[in-house]
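First comes one chain, alone, set out as structure tokens in the form predicted on its own.
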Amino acid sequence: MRERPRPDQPRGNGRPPHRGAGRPPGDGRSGPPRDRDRSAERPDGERGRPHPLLPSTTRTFWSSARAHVTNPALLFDRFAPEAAVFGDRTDATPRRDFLREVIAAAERLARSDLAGHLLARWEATVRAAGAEPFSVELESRLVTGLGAHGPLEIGFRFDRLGFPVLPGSGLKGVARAYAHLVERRDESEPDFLAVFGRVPRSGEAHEVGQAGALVFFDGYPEPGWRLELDVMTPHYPDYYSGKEPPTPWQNPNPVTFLAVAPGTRYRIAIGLRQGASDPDGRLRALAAEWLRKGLAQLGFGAKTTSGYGVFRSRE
């Protein structure tokens, strides 16, 4: 039986084997060339395609369904047109147009029955944990999740259903910051330690750490909430990117982003951790007071030093 030659074995003429020999020129594959989407290579120099980067069949379905989307998070995170990723220009505003689509989806979600049902389920959940929910109202615009990863250079905080939630971890941080920075409390006080717990310091045993007795639930907006467009204009883009000092000849770069509109009301709740004890509700009332004052004086989210994220209590 004749032995099959190895791939690297020289041929009978002494020449090394040539991979791909006999294939047609080009990509080395037989058959017609692939049907590539070349709409990004526009002769007018426009950057990016005016649609999301999806397979053609998925994009066809998406084009017919996009006007009925009621999940702004899905739209914002997964279906940004390629042109919106590159940003706006003086003669075209693909990013602003895309963000207006997200705002329209948010308005549909805020008017839907899902908004009322979700808030009712949230109320039942937090009351089962011993919480007494209360409402706060935005006095200024709210921005959260600016640094979140996404297709655009600026993110936004949605939950999976598309609601602009206030994460419970952030609410706990605001309450703790108010108690520590304004009222000068710390872990040496029993109430402060019971509410927030503590982590072991350097050199301490792991068993020293303890969890807080309370649970800060995510805050949800009441029906009627809405989003707005906002813009920031860094005047030294090369300085912020680390390329050169903040010189006056740099070109300002307006950046459009999403914000929760003033007047939006949120439901907030602080419950009791399973196994913890607060029979008279004193700890929950104390934590709620710190949180209300912190939201009013320190604010929540990003750009609080510019006046964003300030709340007032409604009860």
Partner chain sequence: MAEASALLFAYCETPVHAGTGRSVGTVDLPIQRERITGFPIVQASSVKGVLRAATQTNGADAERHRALFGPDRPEEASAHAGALQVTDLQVVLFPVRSLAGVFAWTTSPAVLARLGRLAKLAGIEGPVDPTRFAGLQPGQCAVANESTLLVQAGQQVGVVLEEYSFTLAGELAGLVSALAEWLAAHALPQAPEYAWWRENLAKHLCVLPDDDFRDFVLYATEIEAHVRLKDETKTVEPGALWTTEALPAETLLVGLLATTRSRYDKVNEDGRALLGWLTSKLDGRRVRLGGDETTGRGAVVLRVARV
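Residue numbers count along the first chain shown, from 1. Quick caveat, the model's predicted, so the values are computed rather than measured.
Just so it is clear, the following notes concern the form predicted in complex with its partner chain, a form of the same protein that is not shown.
Trainee: At 4.5 Å by heavy atoms, is each residue in R100, S277 and A288 next to its partner chain in the model of the complex?
Mentor: No, because R100, S277 and A288 lack any heavy atom that approaches its partner chain to within 4.5 Å in the model of the complex.
Trainee: Choose one stretch from 226-234, 177-185, 240-248, 91-99: the one whose residues place a heavy atom within 4.5 angstroms of its partner chain in the model of the complex.
Mentor: Among the candidates, contact is made by 177-185.
Trainee: Answer yes if any heavy atom of N71 is within 4.5 Å of a heavy atom of its partner chain in the model of the complex; otherwise answer no.
Mentor: N71: yes, in contact with its partner chain in the model of the complex.
Trainee: Since only the chain is shown here, I'm wondering whether V208 would be in contact with its partner chain in the model of the complex (any heavy atom pair within 4.5 Å).
Mentor: No, V208 is distant from the partner.
Trainee: Would D218 count as touching its partner chain in the model of the complex under a 4.5 Å heavy atom rule?
Mentor: Output for D218 is yes: heavy atoms within 4.5 Å of its partner chain.
Trainee: So, K172 and its partner chain: in the model of the complex, are they within 4.5 Å at any heavy atom pair?
Mentor: Residue-level check for K172: yes, a contact with its partner chain.
Trainee: Sort through L193, V85, L118, A104 and report the residue having a heavy atom within 4.5 Å of its partner chain in the model of the complex.
Mentor: Here the answer is residue option L118.
Trainee: What residues in 61-87 sit within 4.5 Å of its partner chain in the model of the complex, counting heavy atoms only?
Mentor: Read in sequence order, the residues that approach its partner chain (within 4.5 Å, in the model of the complex) are F61, W62, S64, A65, V69, T70, N71, A73, L74, D77, R78, F79.
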